[in-house]
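In structure tokens, the next block holds one chain alone, the form predicted on its own.
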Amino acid sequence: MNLPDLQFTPAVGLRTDFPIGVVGAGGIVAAAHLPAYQRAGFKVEGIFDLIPERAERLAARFPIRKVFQELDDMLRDPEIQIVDIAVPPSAQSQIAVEALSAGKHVLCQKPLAETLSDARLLVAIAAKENRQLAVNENMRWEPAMRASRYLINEGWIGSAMLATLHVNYREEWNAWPWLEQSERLTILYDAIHPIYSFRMLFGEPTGVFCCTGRSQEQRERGETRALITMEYSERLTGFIQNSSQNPSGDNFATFRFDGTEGSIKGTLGIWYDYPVGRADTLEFSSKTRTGGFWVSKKLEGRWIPDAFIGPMSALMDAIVTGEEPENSGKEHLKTLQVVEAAYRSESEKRMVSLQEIV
């Protein structure tokens, strides 16, 4: 049996030496951004945080040559070519505008902005300034999703019919007070990962149906459970179940993609012991390629930090080629359209066509 090579630890691209300035020195930068960039050989030239001591600690740990005392100092520095923003969305938009206007290329966190209209404004500013704007859609480079993408694109399961992804874990949202107070929570900040992953794997849905939930005792203002159906006409249905209220400690995250010729299934390790995680698992069966037998493949790398190499590498390649990266701000607008459709569906209790989201 001739099995494919499914080792998808993200490789660096055309260049690695664009000097990066990181805005924010919080937990995700320490756990994911900087370890990934160090592993890839990227050049992190400077870092800024509103709490200088946090930036100084990370600069000493990785190491980083410059600790900027003011954001303007970073944006005026001619050596900084890419600004990697890792702050809450309420602050991200203004920083991105200033960075783009200063002639920097920008990598933003997801969501690009809190509203679709604000995100469109950022995309327009990037185009006006002729700068690349990318979004840290790191699940695109998550090992199991990248392997699934290869198998689907190479025809191992034929035409996709049903895509399901179930995430059920316990998240202490009070670790991020701004998220705990957000009126939009699970869809915009958590389920957005599988939403853009389904778009990567299967293309654009025609409609979205969504219902959400919350527990009586939760402190969070926003929804902590979401069930999202993505309709792709009669040929394919996508279903995402995302809950951050697992009370039992038996976290799980599973996916299964069924097609006319076979299936792919597995687990997403990060949610089993979040945020440390474990390795993903992957199995696949194909009528024509495996004789209908299930085959398991070991996957190298972890979502954190390895998948964080991909978004930055794609941005650097786009700077070299002038082409739009797969995680561009413009592309991300389509993800935010699905997010908006999900919230409208939940509010109006009906299937919402993507054509309604303008």
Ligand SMILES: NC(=O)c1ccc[n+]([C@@H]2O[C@H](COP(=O)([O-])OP(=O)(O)OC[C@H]3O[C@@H](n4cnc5c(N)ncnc54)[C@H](O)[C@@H]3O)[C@@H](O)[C@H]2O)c1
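Numbering starts at 1 and runs along the sequence shown. Just so it is clear, the model here is predicted, and its values are computed rather than measured.
Note that the form predicted in complex with this ligand isn't included here; everything after this is about it.
- In short, of 159-167, 133-141, 242-250, 228-236 it is 133-141 that has heavy atoms within 4.5 Å of this ligand in the model of the complex.
- Of the candidates Ile125, Ala113, Ile152, Ala86, Ala86 is the one whose heavy atoms come within 4.5 Å of this ligand in the model of the complex; the others do not.
- The listed set Arg54, Lys297, Arg302, Lys66 contains one residue whose heavy atoms approach this ligand in the model of the complex to within 4.5 Å, identified as Arg54.
- Taking the partner from the other structure, this ligand in the model of the complex has a heavy atom within 4.5 Å of a heavy atom of Ile95.
- Not displayed here, this ligand is kept clear of Tyr37 by more than 4.5 Å at the level of heavy atoms in the model of the complex.
- Under a 4.5 angstroms non-hydrogen atom cutoff, this ligand in the model of the complex lacks Leu333 among its neighbouring residues.
- Looking at Phe42, you'd find every heavy atom of it more than 4.5 angstroms from this ligand in the model of the complex.
- Along 312-346, not one residue places a heavy atom within 4.5 Å of this ligand in the model of the complex.
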